[in-house]
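Presented as structure tokens, the chain that follows is alone, the form predicted on its own.
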């Protein structure tokens, strides 16, 4: 089981590298790593387990955050309408997006960043993502709201981009042009 000890910190060079594609069909080792990413995000949201193991709560995780430079992400979150988005994907790719932007009113955080970072992070309001799940099936997802923001955050990790790279450095609370606020 992954714990906070397995996470690299924001100054680790692996977080600035473009991660490698995972050869498909995935090896047993790559499946094990991807399953462990999902296990972490699920466990981190269970108060009792998180307290026992000292897990910081998270809704998404990318392999580079645990020192594996491969294109793998796990997302586990419930939207306000109780719709569950729970996906572990190899080689996720954003294939289309809206012109309209969105941002979380609370800002974003990251399990590899152990400090508060203030500001709005402009993201696409609606996206389509493709990838391959643990069973080797192709997945296509049309996303909006927190789910769209989370997937973009995790895919950014695969491209060596940190969430705070998107924040306006001169005025962190600048509302992105042509955007909607997402309340979590």
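Since the model is a prediction, treat every value here as computed from it, not as a measurement. Residue numbers count along the first chain shown, from 1.
This protein has a second form, the form predicted together with a small molecule, left out of what is shown; the following refers to that one.
- Taken together, the three residues 58, 109 and 154 all lie with some non-hydrogen atom within 4.5 angstroms of the small molecule in the predicted complex.
- None of the heavy atoms of residue 94 is located within 4.5 Å of the small molecule in the predicted complex.
- Although the partner is absent from this view, residue 149 contacts the small molecule in the predicted complex, with a non-hydrogen atom inside 4.5 angstroms.
- Contact annotation: the small molecule lies within 4.5 Å of heavy atoms from the stretch 59 to 67 in the predicted complex, the single such stretch among 46 to 54, 59 to 67, 128 to 136, 28 to 36.
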